[in-house]
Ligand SMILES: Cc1cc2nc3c(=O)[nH]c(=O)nc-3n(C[C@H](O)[C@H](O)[C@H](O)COP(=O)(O)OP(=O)(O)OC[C@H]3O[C@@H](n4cnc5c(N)ncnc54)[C@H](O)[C@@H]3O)c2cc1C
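A lone chain, given as structure tokens: the form predicted alone.
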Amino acid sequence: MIALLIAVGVLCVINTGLVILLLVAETLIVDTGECRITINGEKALTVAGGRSLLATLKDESLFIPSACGGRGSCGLCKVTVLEGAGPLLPTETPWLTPEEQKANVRLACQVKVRRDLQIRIPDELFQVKQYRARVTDLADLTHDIKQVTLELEEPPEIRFKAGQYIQLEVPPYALTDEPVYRAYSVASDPADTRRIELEIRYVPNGICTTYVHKHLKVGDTVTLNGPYGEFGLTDSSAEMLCIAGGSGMAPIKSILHEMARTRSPRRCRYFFGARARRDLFLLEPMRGLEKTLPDFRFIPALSNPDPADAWEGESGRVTEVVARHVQDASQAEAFLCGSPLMIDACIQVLRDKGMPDSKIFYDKFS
């Protein structure tokens, strides 16, 4: 048995060594030269080969959404590659449905530009731009959520829809030796085209969140691109059930700004889940919206309030609170923002209350 384990261990070491050797050879030896990328059968780019399709298109000012910065861990950077991509990789299959795989959908961050490619991307991505902005305010909303206010400088305006997000660039610093992008929903009113607000939660050792919370200063210049995403208000008069937690507040806040500005008469209940009182924020603006919007109610809930909180509001997980308040959701629409686990749990509650999946809209923060 010991001999067998030793043999297996040696084989694993040899295989690992071969993989590393192949990667080094690919990086240092293989010269792919120039490649041609044809987009939507019309636009053609001549580019240097060797890098990912995501990074290559970015260098050509074509920005494909990617919440993870190209690490293959978000599944957002989907493009259709008609020719030249090579075989589907194991790093892609978890993010692609069988239908997408048959339709030649690939993750742009995992496809290497080694030969001529023919790809198809949504036309709206041609409207995505890169912006330079200045940090005008940094405010601590909670112990781990910071509000970042940016004023656009070049171009001076951005047109976005409530619920959409941008990608913020983090320059090289202690945690990264190259620029990386991370996706953040816009929290501000789309009518304010010269300024955007972001609500960024600190993640220990997170490249972007650490930079924002510990290094970013008022007056700094940042780079971003966007807008992206289809999450947002629908053309409907159905009751809205909004559910969020933590920095999932951002897109819901933007949607509520839009509703207030357009004097929307839609009934809306907003359930916001937090652990303790110190995790609640923007309570006064939400109470203000209750006075502005004719049929809006804000319902914060604490899952584990501290005794010192003296909390008299709703208690329990946000899913439990929704279940108590909502009896029949068959005629309503839901807008969910937060962690994947929270959203999946909320979807199940809404299904149990009669809501069809076609009426559940969500933005998962991973």
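A residue's number is simply how far along the shown sequence it sits, counting from 1. None of these values were measured; they are calculated from a predicted model.
Unshown form predicted in complex with the ligand; subsequent notes refer to it.
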*Each of 274, 277 and 299 near the ligand in the predicted bound form, meaning some heavy atom within 4.5 Å?*
no
_Which residue, 138, 76, 128, 121, is the contact with the ligand in the predicted bound form, using a 4.5 Å heavy atom cutoff?_
76
*So which of 89, 216, 260, 207 gets a non-hydrogen atom within 4.5 Å of the ligand in the predicted bound form?*
207
*Okay, which stretch from 265-273, 217-225, 153-161, 244-252 lines the ligand in the predicted bound form, with non-hydrogen atoms inside 4.5 Å?*
244-252
*Are any of the heavy atoms in residue 203 no more than 4.5 Å from a heavy atom of the ligand in the predicted bound form?*
yes
*Distance check, residue 67 to the ligand in the predicted bound form, heavy atom within 4.5 Å*: yes
*Partner proximity in the predicted bound form: residue 71 to the ligand, non-hydrogen atom cutoff 4.5 Å*: yes
*Quick one: does residue 182 come within 4.5 Å of the ligand in the predicted bound form, counting heavy atoms only?*
yes
